[in-house]
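Just the one chain here, the form predicted on its own, laid out as structure tokens.
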Amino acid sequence: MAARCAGRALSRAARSVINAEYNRAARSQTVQRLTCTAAPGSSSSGQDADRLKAVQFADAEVQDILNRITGLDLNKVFQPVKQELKPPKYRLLTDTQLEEAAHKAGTQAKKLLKMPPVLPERKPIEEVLCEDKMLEGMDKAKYVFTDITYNIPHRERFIVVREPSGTLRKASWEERDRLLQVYFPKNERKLTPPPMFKEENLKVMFGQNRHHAVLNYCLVQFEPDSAEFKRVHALTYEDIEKNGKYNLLWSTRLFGGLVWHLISSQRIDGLLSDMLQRDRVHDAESLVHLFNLAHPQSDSALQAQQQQASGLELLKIYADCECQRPGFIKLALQVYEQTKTQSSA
């Protein structure tokens, strides 16, 4: 009975600590937003300040542009996967039924292309609750206490660790992920990360052009704001950028994350060249437009805003102001304009 009462007291204390932390974080975020939007001494209006504010991945305009750039190749979206062989099914359809089936497939493909979130990396948990010297040396093993009450968000679930030294602390993110997988297992997720995610094994996967499989498995194994998730994605994106293998992720739900990674690091020249080589000029225009939105103080964005540029003019301004190899992009644009003129003549 005493243990049960102590457990209830521990749970109540945990929830009060968590609520206090969330309230403090919310107040901090509010202050930061107010500071950013109300910069003193600015000569521009509030609308100009909003316009010059860098966009975020989750913004509706960013998502709309990334969805357009991603493309929609039904053959790639619905490519065969390894599964148990079953006898094929054949159906005879009228033209109307065929159009309905195609429309249904397009709708389903758009759902499959929904991009996973891009989140900032979570901060380490290093909070010590108390230190009890009387318990020091009582055991060589750590004791973990987990609140397994249902209907509690996992991020708010109270998990603490009693060290052999007597220190009672909050569990680290890695410990939390492992314990949550024990009590609330997710399909296909392992208690310990598979060896595939070691850097030497990732190089083998990259050599086989299995970047898509690596990222898909990473989404299953890790939380989207964990350090390992960020590491694996960064290594995969860097290999794609280094070898120009952008088309491996094109028309998949992972292409938007690659584009945002390159835009954030201001390295879109390779992707821009690849789009022009594949005659995806409108995608290239959208890419530069998104670059200007993400970096409103860049020379390209300021020049485009001053000239009210759009379409091919955006590409020309980017080539003059930001591009590390403007010659190729200008030549590709020149060829595109000549081809367009000849075709319209």
Partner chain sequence: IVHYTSLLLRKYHGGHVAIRLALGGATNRPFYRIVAAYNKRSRDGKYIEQLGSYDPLPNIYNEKLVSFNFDRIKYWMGCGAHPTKPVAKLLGECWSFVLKPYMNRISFSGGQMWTQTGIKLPEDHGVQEKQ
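Residue numbers count along the first chain shown, from 1. Being a predicted model, the structure only gives us computed values, none of them experimental.
There is another form of this protein, the form predicted in complex with its partner chain, and it is not shown here; the text below is about that form.
> Spell out, yes or no, whether the shortest heavy atom distance between residue 158 and its partner chain in the model of the complex is within 4.5 Å.
Yes, contact at 4.5 Å.
> Does its partner chain get within 4.5 angstroms of any non-hydrogen atom of residue 181 in the model of the complex?
It does not: once its partner chain is placed as it appears in the model of the complex, residue 181 has no heavy atom within 4.5 Å of it.
> Going by a heavy atom distance of 4.5 Å, is residue 199 a contact of its partner chain in the model of the complex?
No, residue 199 stays farther than 4.5 Å from its partner chain in the model of the complex.
> In the model of the complex, does residue 130 come within 4.5 Å of its partner chain, counting heavy atoms only?
Close contact exists here: in the model of the complex, residue 130 approaches its partner chain to within 4.5 Å, heavy atoms only.
> Where, among 225 to 233, 139 to 147, 71 to 79, 210 to 218, do residues come within 4.5 Å of its partner chain in the model of the complex by heavy atom distance?
Contact-bearing stretch, as computed: 139 to 147.
> Between 113, 118, 248, 168, only one gets a heavy atom within 4.5 angstroms of its partner chain in the model of the complex; which residue is that?
Contact with its partner chain in the model of the complex is made by 168 alone.
> Here the chain is shown alone; which of 122, 261, 162, 253 has a heavy atom within 4.5 Å of its partner chain in the model of the complex?
Result of the distance check: 162.
> For the three residues 187, 205 and 239, verify that every one has a non-hydrogen atom within 4.5 Å of its partner chain in the model of the complex; reply yes or no.
No, none of 187, 205 and 239 comes within 4.5 Å of its partner chain in the model of the complex.
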